[in-house]
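Given next are two forms of a protein chain, the same chain in both, each as structure tokens and marked structure 1 or structure 2.
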Structure 1
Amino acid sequence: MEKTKVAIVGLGTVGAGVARLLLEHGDRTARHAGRTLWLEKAVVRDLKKSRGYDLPSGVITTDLNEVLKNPDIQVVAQLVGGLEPARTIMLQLLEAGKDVVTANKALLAEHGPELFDRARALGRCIAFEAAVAGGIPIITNVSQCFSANQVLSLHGILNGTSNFIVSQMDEQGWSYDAALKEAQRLGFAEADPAMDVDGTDAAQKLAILAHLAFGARIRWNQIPRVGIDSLDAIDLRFAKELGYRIKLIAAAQLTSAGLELSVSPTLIRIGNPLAEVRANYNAIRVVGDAVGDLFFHGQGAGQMPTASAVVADMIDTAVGRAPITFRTLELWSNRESPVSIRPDDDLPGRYYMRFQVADQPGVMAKLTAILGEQKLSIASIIQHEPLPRVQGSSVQLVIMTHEASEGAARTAVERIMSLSVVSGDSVRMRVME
């Protein structure tokens, strides 16, 4: 059987999973590729580091030149995280004539235009299914299977670590710190978990999807984003009382005024399939004008789900499918963006707001007057009787609004926070039915 020699650069969690699939399940890859994907080299930084997996002798090396200078190696899985040296290695691989597969969404979100231009100029290809939503084949779907559609909206749970933390806090009563530690132990979190929990990782993935689905030329750091790092368990309880769960939602919605993009903790009505996405699972709901409503669900983080997407890309590259897709996609090309990005302040939505207020006469009237001035209509209010029943102490007040603009909701919260009867921090979250 024909043999395609491949290599891995970076043998961390995902890299070790890729090695395992290639070495232990060569029969599967051979069946699907019609050729053997032969792991020739795996490049690591530290030979002594334990990886819980032994590679055949002669495969593992610390010298990238053993890949760059070996013309027989055609496809390389570049699985080094972060921006540098990942960017330099990627360019070196392309210059050396290799087609590259990567799971590094931060690298693509930051340096996509440069890397894709270089690959195009050199006649090489970059495949990156694993960069968004791990094992869910969302890149292939959005970039190829919806070609006959105008995508109208895309709502995703794109960060497995955040979803794991929120699910464990909500369903098991875990603390934030305990849930984060477990997500790190299970290999879901980035090397710097701040990027998972502050919304960066989800915004980077959303920027890639918005590019593919809408042609939007947006940098990830232009997307308004809030993470789950300041989420309070009390809001999970109030949300449940109101019939919702809180999830970190990455949203892209096409409107007549442009494309709305955001990443934020959002109340999702229980019964909406996004509200049922648990643990490290990711999900993406896509609406296309011809195909209608589609829902993708699966493990978006973790060793084997991500390795599954990487190996599928290596097969696609080896058989020549990925290079054709790469050429036709014109990703990060100089083509002008066909959509404008709608400003944050215009985004319409319903809001959940929580304030800590003094429990005394006239407080509610002051708050509702401000909401009225901003043309925010109240849908429901929760205030529980304080225990012990001491009048004048402070209580939590939760307000659900009808639809309003982001700008009006923000102004209302700022003005309410300046009242002397309001103390502590406020919370404002979007609501999805």
Structure 2
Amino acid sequence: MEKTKVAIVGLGTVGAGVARLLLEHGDRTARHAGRTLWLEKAVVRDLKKSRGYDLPSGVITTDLNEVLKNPDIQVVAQLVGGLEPARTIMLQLLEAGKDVVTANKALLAEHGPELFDRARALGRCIAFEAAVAGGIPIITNVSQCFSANQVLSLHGILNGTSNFIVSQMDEQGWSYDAALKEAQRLGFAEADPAMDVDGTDAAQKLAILAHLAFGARIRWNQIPRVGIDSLDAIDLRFAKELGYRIKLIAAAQLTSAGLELSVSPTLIRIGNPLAEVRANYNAIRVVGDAVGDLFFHGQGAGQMPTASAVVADMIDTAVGRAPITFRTLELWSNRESPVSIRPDDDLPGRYYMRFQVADQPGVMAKLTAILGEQKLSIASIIQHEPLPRVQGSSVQLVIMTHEASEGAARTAVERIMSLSVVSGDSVRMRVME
């Protein structure tokens, strides 16, 4: 059978999983590829580091040139994380005539135009299914399988770390700190989880999906985002009382006024499939004008789910499908964006608001006056009587609004927080049915 020599750069958790699939299941990949994907080299920084998987003698090297200068190596899985040296390595591989597969969503979100332009100029391709939602084949579906559709909306849980933390807080009643420690113990969260919990990771993935689905050309850091790092367990309890669960939702909605993009903790009606996504799972709901409503659910990270997506891309690249798609789609090209991005302040939505207010007459009138001035209509209110009741004590007040603009909701909260009868911090979250 024909042999296609491949290489891996970066033999971390995912890289070891890719090596395992290539070496232990060569018959499987050969059946799908019509050829053997032969692992020729795996480039690492430290030869002595334990990787939990033994590779054949002579495969592991610290010298990238053994890949760059080997004309027989055609496809390379570039699995180095971060921006540098990942960007430089990617460019070197392309210059050396290699087609590249990557799982690095941060690299694509930050340097996609540069890398894709260079690949096109050199007649090479970049495949990146594993960059968004791990083992869920969302890239292929959005970029290819929905080609007869205009995608109307995308709503997703795109970060398994955040979803695990929120699930533990919701189901176990844990604090944010306790849930984060458990996520770190199980390996679902890094020692520094900032990019996961502050919404950065989800925003980077949403920027990629928005480009594929809508042709949007937007930098990930231009997407309005709020993370879960300030989420309080009390809001999960109030949400459940109202018939909702809270999830970190990455949202893209195409409207006549432009493309609406956001990443934020969101109340989702119990019964909505997104509300039922537990633990470290990811899910994406896509609505197309022809196909209708579709839902994708699965492992969004982890060694073997991500490795599965990487190897699938290596197969597609080796047999020529990925290069054809890459040339046809012209991703991150200099073509003008076909959609405009709707300003953050104009985004419509319903809102959950929580305030700590003085337990005294006239408070509600002051709040409702401000809401009315901003044209926010109240859908429901929760205010539990404090126990024991103490004169001058404060209570938690939860307000659910009807639809209003983001700008009006933000202004209303800012003005309410300036009232002398309001103390502590406020909370404002989007609501999704």
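Along the sequence of structure 1, residues get numbers from 1 upward. Since we're looking at a predicted model, the values are computed, not measured. In this text, rigid core is short for the largest set of C-alphas that superpose within 1.5 Å between two forms.
Structure 2 is taken from the form predicted on its own, while structure 1 is not. The rigid-core alignment places the CA of D192 2 Å or more apart between structure 1 and structure 2. Core-superposed comparison between structure 1 and structure 2: the C-alpha position of F116 differs by less than 2 Å. The rigid-core alignment places the CA of W174 2 Å or more apart between structure 1 and structure 2.
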